[in-house]
Structure formats: C-alpha cells, structure tokens
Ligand code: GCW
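One chain is shown next in structure tokens, namely the form predicted on its own.
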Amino acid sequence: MTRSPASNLRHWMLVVGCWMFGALAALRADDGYRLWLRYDRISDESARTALATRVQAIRFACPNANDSATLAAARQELTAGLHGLLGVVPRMQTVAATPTAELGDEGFRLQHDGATIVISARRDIGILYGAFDLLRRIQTRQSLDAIDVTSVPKIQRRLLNHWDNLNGTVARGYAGGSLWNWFTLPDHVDARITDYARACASVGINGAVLTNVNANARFLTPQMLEKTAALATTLRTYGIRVYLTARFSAPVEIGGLKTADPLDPEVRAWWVKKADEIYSYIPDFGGFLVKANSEGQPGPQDYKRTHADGANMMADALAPHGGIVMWRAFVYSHEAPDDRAKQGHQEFAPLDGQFRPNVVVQVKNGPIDFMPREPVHPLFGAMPQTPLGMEFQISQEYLGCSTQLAFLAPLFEEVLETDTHANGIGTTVGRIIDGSADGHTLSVIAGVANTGNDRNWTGHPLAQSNWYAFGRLAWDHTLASAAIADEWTRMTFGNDAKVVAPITRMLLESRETVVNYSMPLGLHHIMAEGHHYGPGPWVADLPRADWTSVYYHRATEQGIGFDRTATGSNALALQAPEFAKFYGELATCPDEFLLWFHHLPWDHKMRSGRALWDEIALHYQKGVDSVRTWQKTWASLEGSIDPQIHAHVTSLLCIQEREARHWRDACLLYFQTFSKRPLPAGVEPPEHDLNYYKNYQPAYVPGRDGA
C-alpha cells in the first residue's frame, strides 16, 4: 500500500516524537510517573528481534475506517510503545470491516495474520483496548506467534470514584491533591489528564466520577459544568465517560426551590431541566452517583420518602439521555437500634423491584466500611430484581493510607469469588454484579480512586498496582491475583526473574500481612477515630455507638468478638441458608472470619491447637515479621531497580514496620487488660505502656474530608 504525502508526514512526526520521548526519559530518573506504561527498550536482543518481526505491520479492522481521535490515540500509543520496546515503527492501516457481534461495543480480537497484527473491533475504543493489550503482551514477553485472542469486558460500566473536593483536597486521598485543577479550567486542561486517561484505558476503565460523594451542589452550576465539559473532551478520546455526584438538596441550594421532595412536581421538573442542561455541555455524560441520608447527607427520607423515590426521580430525568443513577447503599439509621452490619440490607432489600431500569444500587463489598477484611455485604443475592453495583476502595483508608504496602487484588478476588448461594451453588458476587446471575443488562463496578497529584500518582510507588488490579478485574473478574501481580511487576520493573519473583511475592503477601498486624481473625473497625490511621481499639463514647471500636470487638474478661449468629444480632439470617450455616457453625467458620461472626472465650481452642488469645497475639507478630522480611527482600534488589524508587520504597517499608509494631503493641496491651494472659512465646514485648499508645496522636494525617 502506498502512503499519501500527508500520511507519510504523520508517520515521521510520530517517529521523531517517539525518539524525543525516549531520549528525555533516558535523562530523567524514574520517579514513577509513567506507571506501568513503561516502554523501555527490551535488552534481550533475541527476544526483541523475535517480537519485532511480528509487529512490522498492524491493521485496524472496524466498521468506521475514518479517522477519529480514539484511533489516533491507538496509533500514537502503538508507535511510541513499539518504538520504545522494540525499536520498530510499524506500518499501520485502518480498513472497513464489521467484526462479529460477540465483541459488543468495547471488545476486541487480536490476531497474527502472516506478517501483520490485526486488531478487530466494532468501535474505535475496542481498537484502543486491543492496542494496549498488544503492548502488555510485549511488555510481559509473551509470544505473538499464532496469537488469536478475543476479549470482551464482563462488566459494562467500570468506574473510578474520585472523592475530590472543589478546593482541591481529596477525601480519603493519600497521594496529594486533586488531579482536576478547577481554577484553570476550562481554558487549560493539564497534559497530565491525558496520561491519566491513557492509564485508565490501558486496563479498560471507562468512567470517572469526578467529585466527592459528600457532594457539593455547586458542581451542577453552569460555571462548573463548563469546566467539567473541558475534562470530558480529553477523557472521551480514551473511552472514559464523566459522571458527577449529585447533592440531593441541590434544588434548594442552587435552584431557589423551597423543597427537594422527590415527589414534588417542581422538584422533578427542576431535575429534568438540570439533566437537559448537563447534556448540552456533555453529550455523553454518564450519570449521577448519589449518597443520600447517610452520615448527614440530605436525601429523600428527609421528606418521608424512600430511597427508590429519590433514585427514580433522578433516573427519570436522565433516562432520555441514556444516563444512569448509582444510588449508594452505604446508609445506616440515625437511631442505630441494630447491628450496623444489618442496616443497609434492612433499608434496601424491601425496595427490590421498585427502582427504574437505569438505577444501580451501589453496594460496598462489605457491610461495615472497607475494612481490611469483611464478609460480603448481605445485599448481594438479596435484590435479584435490581442491578447491584460493586463499590471497592482502592484508596487505602483502613490499610495504612499510602505509607504501607497492601496489594488489594486478593481482597477484590476474595469478594468477587464468594458464593452467596442466593440462586443455588455458583451465585458468586462477580456473577451478581456482571448481571449474569439475575439477567440484568446494566452492570457497574466502581473503585474509590487512590490517585492524586503526587508525581508518582499514588503516593506509594507500589500502590500503583492497586489501580492496575482494579481495572483488570473490572474488565474480567475471573482473573487471578497472582497473574495480575506478575503482569504489573513485569510491566513496571522489567522481566528479570530475580526481580519479578520477590516483588510478586511481596505483593501477594501484603494484604494478609496488614490484616495480621491490624485486625486479624475477623476483628474489624478498631482503628483510630477520625483519620483511621493506626490502632484505636479503646475508642468509645462517640455520638453513635457504631462509630466506636468497642461496639465491634466487644472485648470483656469473658471473651472477644461480635456474635452475629442466632444467639447474637442474627445478621447471618440475612444470608442464604447455606452461607449462614457455613459461617454460623464454629466447625466450618474460617479462622479469618471467626471474630466477625462469633464472640468466643479467650481460651477457645483454635484449629492450630492454640488458645484464641495466643492465636491473636501470634497473628499480630506474624504481621510484623512479614514486613521485616520484605525489608530484607527489597534491600536485596538494590541496583536492579531505579535508585529513586528503591530509596522511596525503602523509607516507606521502615514506616510500615514501625506502624506494624505500633498496631501489635497497642492492640495486645489493650486486649490483655481483658484476657489477663501473658504473651505467648515468640511475641515481642511492647515497647511502651498502654497509656502511651492511647495518648499517641499522629500529626497531619492526610485525607480527612475537606481537610
């Protein structure tokens, strides 16, 4: 095929641009900015040559062969990536073709056709996803011989929830300020937004909620919509739709109405007009995320209406435009008469079947609040007539913020694979949220983002793996944590087995390690009050009992744990009988959930043969010991990892080891006042007395809402 002069010019401009990009990257120390999209030259000449021969030509096959910004982004990514990795600038051609319907709107097929790689898709965004998939395979040194892969996302809407405030702070954010510079928008969109979009698209994330769930009505004003539209233009190229949080009282706060009652005709008309206005600025606006009647946020219950009344009002306004409402199920009664773990179910399960088709009830993975470990939320499996969306937290609010290594893919995988038994064996949480269990076509998975304007995006260099893992599991929730950890490590640090194996091992151990030194054996919600950083098992006497720690661990001289069986709160009765039986009986309840579901005496004999007190203490010690092992492992990688990143992680592991000891000593000293038992052999004595830990206040912990 002969190129036109214009095509030749574009080709050589891309070549020169890639050369300049590589030259500049070589001059700069690796500060983590590039995330996992590191297109450094493959040093193994034989591997490089073998791969290079397979990518001399690339053909995009899609129905619309015309240029688009998204197709241009795919070409640019492939040109930069293949030139950087292999020294190849491939010939690229777009041809009109209509792939099979099984690819849907976002899927792709990747094939090796003789001397040409063919990426087929029904839409240009599928071509871009296929381009990133090809680059991932090259980065991880996979063979391209006879490749024929079809990939289609299992979940329709795969979102990051940014808890960003208008003033530039990020609630529960630990990586600097907001990515969105509202002050300079709409005139200036930082180039970093394009790199954010590239990273999201590389793992298949296709939506971003830009604003805090504790919503500010000003985001729905024309001034802010104009700014949001500028961001949407950049994100759209990479297949990312913009969503906003909607403050339920907005008709009063910015609309001049005297009520926000969802059944009031004027209020309903106001939301219809507001939706029309939003879509005039952002034609592909995704919809609203709503936190209502929770933690002081306004909502329909202020007017004696139901959550369904409120959600349906907004859904009706958005429906003509194709928008959706994601209504959060994180609610609990002001009266708090019952186990907090039951309250979301009590409010929402009776409303099953009452929501509009474009409403998704967004449910946290567990019933309390993003704990290091929780059983699945009882709403999963309890609302078969309503699409349920998953809400994970990528930001490490309860797992050490961004000072501690905690790879969250095992947490996500544990939840997604849990069988609720709602429709018999095989009704996993993953199948409920992808819609296949109950026949829903609308499906949503969201993760509270861990990004900020720190140069390395996530504060902790290794926390980038959580952004990556969420995206990969959002695309395909059946992927294994080990495979994701291996992928991310190879893409980020190269393919040297002496580097990949130890880092992957650290990642896969890390979540369980944080559980061990903070809240083992089903203990939960025993963190410090307010900032949630560090231990606070003694926290009591707050306005609500279920904001305290003592409410959850219930330690006395007789024992410890929250009885959620029939002899206690009976929260297990909300689950399917098979689920309830498994966790309700001591013979089958796994150790990791023991104190979540049972209150047991300190001398209860564990499966290990040890007493419960000894088991708790040894778990805390194991957590500390694991971090110390990582310190040695990481030190051994010096010289194999960029010095700047190596030094940064080294310092953070020092913090993590200190914090692990702090958790261990504070919790064991406190619980020892009830158990009256000595620490078992192998557990180090605390460095200070209990009063020291009770009075310890870490200064300037980031991420408090509005701080």
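What you are looking at is a predicted structure, and each value in this text was computed from that prediction instead of being measured. When you see a residue number, it is the position in the sequence shown, counting from 1.
Absent from the display: the form predicted together with this ligand. The rest refers to it.
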Considering non-hydrogen atoms and a 4.5 Å limit, which listed residue (242, 507, 213, 200) is close to this ligand in the model of the complex? 213
Candidate from 158, 162, 172, 564 lying within 4.5 Å of this ligand in the model of the complex - any heavy atom: 172
Decide whether residue 397 counts as a contact residue for this ligand in the model of the complex under a heavy atom distance cut-off of 4.5 Å. yes
In the model of the complex, residue 619 touching this ligand (heavy atom, 4.5 Å): no
Just to confirm, residue 264 within 4.5 Å of this ligand in the model of the complex by heavy atoms? no
Although this ligand is absent from this view, report whether residue 598 comes within 4.5 Å of it in the model of the complex, heavy atoms only. no
Options 539 to 547, 361 to 369, 225 to 233, 411 to 419; stretch whose heavy atom lies within 4.5 Å of this ligand in the model of the complex: 361 to 369
Stretch 279 to 304: residues contacting this ligand in the model of the complex, 4.5 Å heavy atom cut-off: 291, 295
